[in-house]
Structures are given as C-alpha cells and as structure tokens.
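Each of two forms of one protein chain follows alone as structure tokens, named structure 1 and structure 2.
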Structure 1
Amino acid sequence: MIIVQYLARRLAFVIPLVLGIVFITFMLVRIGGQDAVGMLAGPMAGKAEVEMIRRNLGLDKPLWEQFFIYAQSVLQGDMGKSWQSGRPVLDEILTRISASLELLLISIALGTLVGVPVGLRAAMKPNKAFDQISRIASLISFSVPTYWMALMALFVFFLGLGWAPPPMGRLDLAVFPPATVTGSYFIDSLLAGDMQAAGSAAGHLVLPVLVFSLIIAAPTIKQTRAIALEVLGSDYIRLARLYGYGKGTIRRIALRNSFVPIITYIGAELATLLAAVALVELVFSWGGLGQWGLNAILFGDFAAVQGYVLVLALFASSVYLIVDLIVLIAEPRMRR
C-alpha cells in the first residue's frame, strides 16, 4: 500500500515535469537560429518554394498555436515526422532505441561490476598501493573526453593492431541482421541459432562497450570509495572492530550500509547516460538513438529533436522512479 501511494505521488510530480521539458525543448529548437526550412529547400529554392515548405510544416503559425498542435499530437502518440527521413518520429525512436539500450545496459553492468568492488577494496585499505593506483586510473578515465577515448581505441585496436572490426555499425556488411525479438543483434542471433551473426555482433560490441564501461567505472570507483570510507569511519563499524569481528564480516556490514547511497548514485548516473552514449555511437556509427538525435540537432530537424529530448526525459524519470522503489524496498526506514 505504501509503495502504491508513493508511486502515485511520484507520477503526480513526473507528469508536469515532462510537460515542462516538452515546452522548453519546443521553444528552444525554434529560437535556436537554425533555418530548417532553408536546409530542406536547398540553396537554389525560390521564395515561393520556401514559403510552401513552411506552410506544409506548419511553421507559418504563431508559436503558441504550433505548441498546442504539437502537445495535442504527442498526447495521442503522434510525435510528428522527421524532416530528414520522412518517417514518423515514433517509428524512428522504436527502431533505434534497442541499439542504444544494448550498448548502454551491457556497459553499465560491466562498469558497475568493476567500479563497485574496486571502490570498496580501495576504501578498505586507504592510501595503500591499490588505493593510489585505482584513484589515478579513475581520475584519468574520468578526465579524458568520451569521443577522444573512442577515437584512440579505434586507432590502437582497429588501425594499429587490426583486432577490432571497422566502425561501420553493429554487424559486418556481409552479415544479415537476425529477426527482431529483443532488439539486441547478439541475443537475437543466438535465439535464431545464427552463429555467424552472433559472432559478428559480439565483435562489434567489444570496443564501444569497453570504452563506455571505462567511462562508467571511473566515477563509480571514486564515489563508491568515498561512500565506503564514510561508512567505515562510523561508530557501528568501530564497535564491530572492538568486538573482534573479522574483515569479511566488517566488509559485509560496510557493503550493506553503503548499498543505498551507491545505488542512488548509479541511478543518477544512469539517468544521464542515454544522452552521453551518443558520442560513442557517433564514433562507431552505431546507428542508435543517440547518433540519430545528434544528427537531428545538427540538421535542425525540429520534430526529431523534440522526440529525442522527450525520450531522454521519460527515460530519466523512469530510472529515478525505479531507483526510489529499490531504495524504498531495501531500506525500511525510508517507508516512514
């Protein structure tokens, strides 16, 4: 009952928040200075052709009327059509989001599995060799720009060593994609029994997953270490040491009491990673939602930009909601 009431309160907060994001995005893309009509018409188009395109796209109406029409359409599940492809924005999103989620979820799992244990071990022996090495490594990974790390990975493993496949999507050009079940080429290939496609998909996943996992693991190590150090310095840990508990027991107590702040931090990071993965997708020509959204921003595709930002807002709101529910279940004191 408490969880249901909590969900109702959170949804009552999320709905106006998403509407506000939709309004701000709608206004920003129109006052941003990009002339999308001119891009569509081309440099040789006359004034009459430009005006005709403007009327067809509904850009000749006042801004408030354009927003009212757009909001009404979104509530009916219609995000408009992409001006670049001519396809419905919702279809483009549904087609591409699985590619982004495949890369994102695998990278998050790997980055968390590395970052949390390393951060905990560093906190157990602060200022020792392992702690110093992990702090320096996480600082370097955290400081290096995402696109530079991706480009260097390609330079070393593709151009230099020849171990990685060319950055031309999720499969080799000679391999046909499997029938869509989950949206992940690797999993769908295994389900279809197509080992050639599964091998190709796995090979294309390795480098972008490695790059993005490092980007995720670096701040996770730093934050986990800081949280664990605070817990290890608490009174109940000192009391456990006085009672003569072993290192394994103290480690379990510290991990249990660090769980809520760590999962909260990981959730906050996850909420922003769907947008951050766009640069990795662009470098590796991944063809996911992030790459599509960046191209829409560069070419002034208003409908696509609005749909992309709306998906990011919904994704972030969903992640925060799920994290809050996990915290509510894992920490009984929060139910008060």
Structure 2
Amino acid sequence: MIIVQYLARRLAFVIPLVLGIVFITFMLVRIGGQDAVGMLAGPMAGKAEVEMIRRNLGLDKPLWEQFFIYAQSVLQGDMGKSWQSGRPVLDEILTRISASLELLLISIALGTLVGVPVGLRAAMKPNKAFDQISRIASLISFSVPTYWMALMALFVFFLGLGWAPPPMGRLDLAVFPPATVTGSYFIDSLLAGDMQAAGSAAGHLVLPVLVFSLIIAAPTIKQTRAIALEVLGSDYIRLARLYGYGKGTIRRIALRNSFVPIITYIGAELATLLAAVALVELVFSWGGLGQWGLNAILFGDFAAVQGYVLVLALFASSVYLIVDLIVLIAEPRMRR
C-alpha cells in the first residue's frame, strides 16, 4: 500500500517538475537582455523592419503568452531552429547524443567498477594504510579540473609518447563510420564485423574514457566509503555482531544495505555527468552533444541553448525518477 501511495506522490510531481524545467529554460535566454531581433535584423534594418520581425517571431505578445506557445511547441517536439546551421534543434540533438552517451556510459561503468570496490575495502579497515592512500588519492583527483587533466593526458600520451591518436573526433580520418545501430561507433563496427573501424574507435575512446573515469572514481570512492562506514556502525550490524555471526555474513548484510544508497549516489552523479562530459568532448573535439551545446552558448544560438539545457534537465530528472523507483524495489524497509 505504501508503495502505491509513494509512487502516486512521486509521479504526480513529475508534471509540475517538467513545467518548471520548461519555464526556467524559457526564461534563461530572456533574462540576458541580448537582443535576438537586433541580431536577426542586422545593423542596416530600419525601425519598421525590426518591428515586423518582432511581430513575426511573436515577441510583441505578453510574456505569459510567449511561454504558453513555447511550452506547447516543446511538448510537440519542436524546439525551434539553430541559426548557426539552420537545422531543427531536435535533429541536431538526436544526431549527437549517442556520441556523448557512448563516452559517458563507458566512463561511468569504469569509474564505478574502480570506485565502489576501493571505497568498500577502505571502509572495512578504516584509518589503515589502504584507507589513507585511497582517501588522499581521491581528494587529489577530485581537485583536478577535468579539462586540465584531459590536456595533460593529451600532452603525455599523444604528443610525448605517441600512443594516443590526435584529439580530433571519434575515428581516424580514413575510416568510414559503421552503419548506426546503437550509436556507439565501437559497438556498431563490431556488429558490422569491421575490425579496422572497431580498432580505430576503441583507440579514440581510450584517453577520454581514462580521464573521465578517473574524475568519476574520485567522489565515488569517498561516497562509497562514507556509506559503508555508516552501515557498519549501524545498530543492526551491532546486533548481528552480538548474535555472533561470522565475518562473511556480516559483510554480506552490510553490502546489501550499502547497495541502495550507493545506487542513489551513482544516479545523482549520472544526472550531472551528461553536462560534465562536455568538457572532455571539448578538449578531444568529440563532436557530441556537449561540445555542440557549449558552442551554442558561446555563439548565442538561443534555440540551441534552450534545447541543450532542456535535454540535460529532462535527462537528469528521469534519472532521478528511475533511481527512486530502483530504491523503492531494492530497499527492504520500503516494502513493508
């Protein structure tokens, strides 16, 4: 019964949440006082022409009406056109998002596979050598800016050692991209049996993935350790110790109870990392959603900026929702 109630409350909040997100996105490009009409009309336009453009764009209407029109078209999948390319924003996003997701998902998988076990091991024996070393290491890599680490990695592995390919996209210039199935060049070329393309794609992935997964691992270690320590210090673990359970059993109980908060944490990470991946994309000229979005922000491409921010926010909220549902299923205390 509680589950149904909780679910209903959680889902009921989705609608105002999405409306709020659309509203903030709508306001985002309007607070600046940058004049889109002036930019469109150009310096030679007269007053009448500016007024005409303003009317054509619907900018003479009151703000709430503009918002209503914007919200309506967004809900129909129309995000306007990018003035840089002249193409619909939604098309631009859809062609690029798979490149970002490829980088993001591989990095997050790797970062989690390193971060969670290290954090758990550190928590098992707090304040011992392993704990101290992992703590300092994670603090250092937590303090290194993503883009700077990417630049340094490029300098060492591309220019210095010559191991990595040049930071220009996801494939060598001479290699044709495989037919799109999943959107990941690596997986797609494996599916197509094109070993040359697969090798090229993997080679281009290594360095950005390495950098980004290191960035992800650092806070994961810290959080996992904190979560596991809290569980190990909890009353039910003390009770289990009093019962005289073996070390293995206690570890199993602790692990199972750490699972839910760790999932919650990784979900929260994933939600913000689609934005953070933009910096890696920028340095490696990855050509994904992030690089495109940063470019749109720099050049004042309003429709594209709105589309980018909206996609990020909707992605984050759906991740939060999914995480909440997983927690609901996995958390034994919620099931009563």
Partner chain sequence: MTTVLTTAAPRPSFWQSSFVQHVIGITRHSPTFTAGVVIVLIFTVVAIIAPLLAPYPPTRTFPDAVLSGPTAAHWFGTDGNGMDVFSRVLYGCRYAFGIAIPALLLMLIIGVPAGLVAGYVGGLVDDLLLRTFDIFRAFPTIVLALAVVAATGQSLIIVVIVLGFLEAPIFARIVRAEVLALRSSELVESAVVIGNPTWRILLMHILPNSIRGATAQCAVRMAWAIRVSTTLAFIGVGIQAPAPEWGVMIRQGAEYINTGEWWIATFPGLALVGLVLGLNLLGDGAQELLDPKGRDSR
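By rigid core we mean the largest C-alpha set that fits within 1.5 Å across both forms. Numbering for residues begins at 1 and runs along the sequence of structure 1. Worth saying up front: this structure is predicted, and the values here are computed from it rather than measured.
In this pair, the copy labelled structure 1 belongs to the form predicted on its own. Superposition of the core reveals a Cα shift of less than 2 Å for I187 between structure 1 and structure 2. Core-superposed comparison between structure 1 and structure 2: CA of V323 displaced by less than 2 Å.
Relative to the superposed rigid core, the position of the CA of Y245 differs between structure 1 and structure 2 by 2 Å or more. With both forms fitted on their core, the C-alpha atom of V22 sits 2.4 Å from where it sits in the other form; this compares the forms between structure 1 and structure 2.
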